[in-house]
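One chain follows as structure tokens, the form predicted alone.
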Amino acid sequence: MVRRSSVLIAIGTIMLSTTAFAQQQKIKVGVTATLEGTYTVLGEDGIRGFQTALNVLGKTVGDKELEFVIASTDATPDSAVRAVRKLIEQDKVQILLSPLSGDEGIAVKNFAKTHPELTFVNAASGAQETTYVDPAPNFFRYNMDGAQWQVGLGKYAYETKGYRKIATVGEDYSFIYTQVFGLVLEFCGAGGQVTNRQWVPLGTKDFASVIAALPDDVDAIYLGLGGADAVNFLNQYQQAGGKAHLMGGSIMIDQTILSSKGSAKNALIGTIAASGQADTWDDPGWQKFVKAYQDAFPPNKRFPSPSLLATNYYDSTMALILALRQVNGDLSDNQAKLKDALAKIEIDAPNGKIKLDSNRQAIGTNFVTEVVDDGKGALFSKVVKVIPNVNQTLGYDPAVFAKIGLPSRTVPECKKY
């Protein structure tokens, strides 16, 4: 795990660099990341993705300098709103790049409605409701949601792996509800059964009762966990002698877990998953991004490959800077020109082309993956299938999709819609 101090030192470098342009007109952008609690490791790499974008794109828009103020959260809605409020009221930022986590995203989207004069660009959060239900007209999301990130996994599990029954273990909050929503729709639509769904609080340390309750008559167990929760589960599952096939949610199989210390992560070798990226993708744009990320930080202060959070922060920062340059930094008329540019821009992101729908939600590329060992003890997500143009209704007719209901502990039902 990369130490938080190295991230904060790097943040300080960004802040100090602005003093050299004290006389230059500035655009102030507030950035939040979960640098406290269970998801700290995700927030740290999100900031690395953000810094990589600044290294690649620069920090100026015409004759204006971009000044960034970074605030920490702990993945809870209250902490996210407090951070955003502080950035607006005390630091006087004009644009927000926020937040990282699912429940935070819903809270910040709702808060954005109280400041229609400002622009909010989602950093990485992936709960469906952030943009699908009652979206804020000044909130823009350039990453897909958790359900979009599961497209392809259910069919691959059923048709290629031959799984017929699975159980799920997931953190009890909106992003993982959204991930399981996407998985269940596709797996059950193909004919599979999800026979058991277990939910655990974010920050769970003891998984003994969860592991004991896992059914024996399933072909695989899906893990919707991330950060310290994922590492704790893997350690305890391995100690309990667990041998089931595993399937992974998007933050279960990225470098925040695959690069963790200890041998428990080896239980993930062979795990099939789906995500908005894949470590081994041979696309030149992806390879260029990976190199930029690697060059920006010493090996002991980064992961071998960017995590999904690093990629999301990179893409969001990229979209914001390119849109600001389109309008030459014009923030007049309640930032109307910037908001129009953000709604219309299509970015050639490292993980595939991204455009927004009418709710200002990303339509992008998804990847079905499998965890592999590179032969030197390092784990990576290998590309199995690339799926372009994944929209928020997952290819369903919008009217049919709306009737399914919002992601929750029990929605969707395991059936073909």
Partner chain sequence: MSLAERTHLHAKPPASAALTPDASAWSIAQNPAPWAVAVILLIMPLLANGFFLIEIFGTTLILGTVALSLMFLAGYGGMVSLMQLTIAGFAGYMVAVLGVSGSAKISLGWPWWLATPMALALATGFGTLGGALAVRTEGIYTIMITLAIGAAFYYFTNQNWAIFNGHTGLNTIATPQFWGVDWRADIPFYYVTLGVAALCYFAVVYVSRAPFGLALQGVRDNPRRMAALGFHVNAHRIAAYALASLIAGLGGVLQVWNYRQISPGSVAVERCIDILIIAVVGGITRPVGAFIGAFIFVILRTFALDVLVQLGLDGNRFRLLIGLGFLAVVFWSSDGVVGLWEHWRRRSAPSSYRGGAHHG
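Positions refer to the first chain, counted from 1. Here the structure is a predicted model, which is why all the values come from computation and not from measurement.
One more form of this protein should be noted, the form predicted together with the partner chain, which is absent from this view; the next part is about it.
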Check your understanding: Where, among 243-251, 314-322, 149-157, 200-208, do residues come within 4.5 Å of the partner chain in the model of the complex by heavy atom distance?
Key -> 200-208
Check your understanding: Closest heavy atom of L35 to the partner chain in the model of the complex, within 4.5 Å or not?
Key -> yes
Review point. Contact between Q90 and the partner chain in the model of the complex at 4.5 Å, heavy atoms?
Key: yes
Point to revise | Heavy atom of F187 within 4.5 Å of the partner chain in the model of the complex | key: no
Check your understanding: Does the partner chain get within 4.5 angstroms of any non-hydrogen atom of L223 in the model of the complex?
Key -> no
Check your understanding: Taking the partner chain in the model of the complex as the reference, which of R85, R164, K161, K344 has a non-hydrogen atom within 4.5 Å?
Key -> R85
Point to revise | Option touching the partner chain, based on a heavy atom within 4.5 Å in the model of the complex, out of V81, A112, V290, A267 | key: V81
**Study point:** Within 4.5 Å of the partner chain in the model of the complex: residues from 165-192 (heavy atom criterion)
**Key:** D172, Y173, S174, Y177
